[in-house]
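Shown here is one chain on its own, the form predicted on its own, set out as structure tokens.
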């Protein structure tokens, strides 16, 4: 039986995959409100709910990029409004350093974004996702950190 080959290849068909780490108390509620309010934003995002943005270890980001994510978005409460008081300050420090390290080793720093979104800012969440998807589309697929075994 002959094997049918897929001859349709369209460079414009590529859509970026973005992994988003959202804090439980503000950002996840903002994303939920965006959905309930039927705000339109790209479906390229895969949300992982974390207790606080400070729980996002840089290894999680590296692993997401290795597993095929084209970008990573970390969204937390606004500084000063963290449910755990200072969690987002730790996030800001840790991920600013990590982003510099990624840039130093030749990785596009635009693939990692850290944003602050409160539970009432559904529009801001939708705009953040749209902005991230547009920027990743300009960068193209992530091929730098992907596992060779996948």
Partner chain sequence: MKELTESLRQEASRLLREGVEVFIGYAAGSLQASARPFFATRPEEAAELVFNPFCVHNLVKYLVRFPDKRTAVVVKGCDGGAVSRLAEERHLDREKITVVGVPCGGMLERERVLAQLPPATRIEAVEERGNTYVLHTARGEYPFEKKANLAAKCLVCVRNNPVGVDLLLGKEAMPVADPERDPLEGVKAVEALPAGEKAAFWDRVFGRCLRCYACREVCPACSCTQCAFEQAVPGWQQGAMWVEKAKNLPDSYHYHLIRAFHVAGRCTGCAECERVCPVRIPLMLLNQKLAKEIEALFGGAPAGACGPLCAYAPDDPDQFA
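Since the structure is predicted, the reported quantities are computational estimates derived from the model, not experimental observations. Positions refer to the first chain, counted from 1.
Absent from the display: the form predicted together with its partner chain. The rest refers to it.
Undergrad: Within a 4.5 Å heavy atom cut-off, is residue 32 in contact with its partner chain in the predicted complex?
TA: No, residue 32 is distant from the partner.
Undergrad: Quick one: is residue 102 in contact with its partner chain in the predicted complex, heavy atoms, 4.5 Å cut-off?
TA: Yes, contact at 4.5 Å.
Undergrad: In the predicted complex, is there a heavy atom of its partner chain that lies within 4.5 Å of any heavy atom of residue 116, even though the partner is absent here?
TA: It does: once its partner chain is placed as it appears in the predicted complex, residue 116 has a heavy atom within 4.5 Å of it.
Undergrad: Tell me, yes or no, whether residue 58 is in contact with its partner chain in the predicted complex, where a contact means a heavy atom of each within 4.5 Å.
TA: Close contact exists here: in the predicted complex, residue 58 approaches its partner chain to within 4.5 Å, heavy atoms only.
Undergrad: So which of 120, 97, 43, 36 reaches within 4.5 angstroms of its partner chain in the predicted complex, heavy atom to heavy atom?
TA: The residue from 120, 97, 43, 36 that makes the contact is 97.
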